[in-house]
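Presented below, as C-alpha cells, is a lone chain in the form predicted on its own.
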Amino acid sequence: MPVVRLQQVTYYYPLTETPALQDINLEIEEGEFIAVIGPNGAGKSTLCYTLAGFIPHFYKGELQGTVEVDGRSTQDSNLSDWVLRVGLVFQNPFNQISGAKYTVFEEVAFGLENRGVPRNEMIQRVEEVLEMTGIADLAARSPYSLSGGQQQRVALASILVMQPKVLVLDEPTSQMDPIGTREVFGVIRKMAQKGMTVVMAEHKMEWIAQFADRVIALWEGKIFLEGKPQQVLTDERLAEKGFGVSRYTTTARLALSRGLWQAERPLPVTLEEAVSGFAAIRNGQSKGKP
C-alpha cells in the first residue's frame, strides 16, 4: 500500500474561483524520492501545503477529494497530529525559525522539547542531525546570525530531527550555492534510502536528475507529466510550457537539430551526461578519419 495517496484532489484558496490544484491523483511508495517541478504558479507550493496538512487546516479554502498518509486522511486529522507524520521545510527558512531560541542547537531541539523527548535522547538526535546536515560547527551560533543557506540547513535539521514518516520540501536549496545544494540533496537521498518518503518541489533540474526517483511536472494545478527523471526532464514540451530546462538538455537538442548529437542517444540533463555524449561523438569522428 502506498504511503501517500491523493485521489481526485482539487483545492481552491479562499475567495478564488480558479483551482490551485485540480484533479490530482498521486501515489507515493515508502522510501521514494519524488521531485515536483513547474513554473511559478503551477501549484508546487500548494501541493506541498496539502501534503503537510496546512491545507485545509491552516489555509482553509475548499479541499475536494482525499489526501491520505499511512492510511489516515488529512480531513479526519488535526494539524498538531498530522505534523508528527509529515514534516514540511519551507522555501524561506526565516518563516520556520521559532524566534524562541538563542542557539542553533536549541532551535533544532525545540520540536523534541515540545514532544517531551527524554533529554539524553534529544541531545543524541540533535547532534546526529547537525552532523548529517553539515552544521555541527554552527551549534552555538544564533540562527539569526547565519546566512540564508545556513538557515535553510537549520530549518531542514529541525524537521529531520523529528523523524517524520514523510518529508516535504518547498525549494529547500533556493539560497544555497552548488556545494551546499549537492550536500543537501545527498542528505535527503540518504533519508529516502533509510525509508523516509520525500517530496521536494525544486527548480534545479541537474540535481533532480541525479537524485530523484520520479518527477511530477505540474502545469496550472494539474499533473502535466510524470515519470523517471531522464524521461520527464528532457521532454520537449517543458520548454513550451515555460518550465526551466537544463542548459545541457538545451545544448544537446540544438546539436541534435544540426546533426551533432547521436539521434539514438538520450538527451542529457547533467554535465556528466553531456560530456559523455559529446565525447562519444568526438571519438566516433576521430575513428572515422582516414
Partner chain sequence: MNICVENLSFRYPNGVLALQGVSLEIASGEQVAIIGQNGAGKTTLVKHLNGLLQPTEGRVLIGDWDTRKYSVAKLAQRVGYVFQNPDEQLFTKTVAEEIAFGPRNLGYSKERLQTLVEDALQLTQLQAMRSANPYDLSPTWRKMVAIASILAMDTPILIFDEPTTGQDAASVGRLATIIAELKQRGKTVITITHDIDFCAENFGRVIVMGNGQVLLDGSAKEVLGQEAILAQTFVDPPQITRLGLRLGLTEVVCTPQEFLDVFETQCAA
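Only a predicted model underlies this, so the values are computations on that prediction, with no experimental measurement involved. Residue numbers count along the first chain shown, from 1.
A second form of this protein, the form predicted together with its partner chain, is not displayed here; the remarks below concern that form.
Screening Gly227, Pro56, Gly242, Gly65 for any heavy atom within 4.5 Å of its partner chain in the predicted complex leaves a single hit, Gly242.
When you look in the predicted complex, the only residue of Ser73, Ser147, Ser98, Thr103 with a non-hydrogen atom within 4.5 Å of its partner chain is Ser147. The chain is drawn here without its partner chain; in the predicted complex, the stretch among 79 to 87, 104 to 112, 198 to 206, 161 to 169 whose residues come within 4.5 Å of it by any heavy atom is 198 to 206. Interface membership of Ala263, defined by any non-hydrogen atom within 4.5 Å of its partner chain in the predicted complex, is ruled out.
Heavy atoms of Thr251 reach within 4.5 Å of its partner chain in the predicted complex, making it an interface residue. The closest heavy atom approach of Pro39 to its partner chain in the predicted complex falls within 4.5 Å. Using a 4.5 angstroms limit between non-hydrogen atoms, Ala274 touches its partner chain in the predicted complex. Annotation for 80 to 118: interface residues with its partner chain in the predicted complex are Gln91, Asn92, Phe94 [heavy atom within 4.5 Å].
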